[in-house]
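In the form predicted alone, a lone chain appears below as structure tokens.
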Amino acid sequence: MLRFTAHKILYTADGTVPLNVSFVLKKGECAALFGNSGEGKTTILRILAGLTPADKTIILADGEVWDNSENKIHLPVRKRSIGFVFQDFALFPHLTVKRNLEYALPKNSNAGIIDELLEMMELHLLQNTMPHNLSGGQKQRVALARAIVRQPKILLLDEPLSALDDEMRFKLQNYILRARSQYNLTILLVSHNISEIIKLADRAMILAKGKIQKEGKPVEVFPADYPAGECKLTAKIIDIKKSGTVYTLKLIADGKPLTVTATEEEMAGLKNALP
């Protein structure tokens, strides 16, 4: 279990905003942070990782104190059991795929996990390839495998799939699901993609004005607050109901039920796609 509490002043285009956030992550849970740019989502990940200082912090990971500002405890980044995957791949350009994973493997750890991950991520045929010869999707698979090879207490994903096309993004989501199941990973995900959060996360936390304004299961959190036009989603429409000028659509997306609202204008754009 991970407990996180942090207070930090954010400097934004609209002035200073106090970030005050507390949450708990259960072992094996995937939680997602969602909100507008500049709300502090990435800052939260960086505070958790020990990369960014905060004014007040308490971070406990399975009982181990990573941060306690009152007691002046701050565990260095290298001593925190984390895996971090950024938007950019951050691979070592002079090392092959396999050597990138070997470099991240902690001392005295079972090296067998490297071959497991190469197989799981379908990188075994590319293990001797240099990063500059890989596609974007392949690089991100290597970055994900390298983060997991440490079997961290928490895996931090900072919009890792945002630069990929829809088809590759969908495939990488499946790799994340597979790895999470295999290694019982605890994940904190930052994403602006609602369908991605619905697919990957058990819980969504909506961040605004420096606080978590709402949290819960993604399919319960998003529909009431975000109309269909604000996200891109591949889904099957199973029911449509009209109330005044607003339509309510019941969908199945990635095998999960979802309800969204749409305006007359948005429905006009859907009519050609309806059976």
Partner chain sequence: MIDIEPLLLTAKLAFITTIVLLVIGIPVAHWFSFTRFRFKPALEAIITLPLVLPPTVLGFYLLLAFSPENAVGKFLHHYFNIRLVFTFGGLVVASVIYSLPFMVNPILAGLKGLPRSLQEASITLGKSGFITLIKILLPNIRVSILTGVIMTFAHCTGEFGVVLMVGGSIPKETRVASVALFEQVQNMNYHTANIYAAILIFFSFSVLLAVYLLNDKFRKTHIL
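Here the structure is a predicted model, which is why all the values come from computation and not from measurement. Numbering follows the first chain given and starts at 1.
There is another form of the same protein, the form predicted in complex with its partner chain; it is not shown, and what comes next is about it.
Colleague: Tell me which stretch of 195-203, 168-176, 121-129, 93-101 has a heavy atom within 4.5 angstroms of its partner chain in the model of the complex.
Modeller: It is the stretch 93-101.
Colleague: Is there a heavy atom of residue 74 lying 4.5 Å or less from a heavy atom of its partner chain in the model of the complex?
Modeller: Residue 74 lies outside the contact set for its partner chain.
Colleague: In the model of the complex, does residue 46 come within 4.5 Å of its partner chain, counting heavy atoms only?
Modeller: Residue 46: contacts its partner chain in the model of the complex.
Colleague: Does the 4.5 Å heavy atom contact test between residue 86 and its partner chain in the model of the complex come out positive?
Modeller: Although its partner chain is absent here, residue 86 would touch it in the model of the complex, with heavy atoms inside 4.5 Å.
Colleague: Report whether the minimum heavy atom distance between residue 134 and its partner chain in the model of the complex is within 4.5 Å.
Modeller: Residue-level check for residue 134: no, no contact with its partner chain.
Colleague: Between 187, 82, 190, 114, only one gets a heavy atom within 4.5 angstroms of its partner chain in the model of the complex; which residue is that?
Modeller: Residue within 4.5 Å of the partner: 82.
Colleague: Within 4.5 Å of its partner chain in the model of the complex, heavy atoms considered, which of 235, 60, 51, 208?
Modeller: That would be 51.
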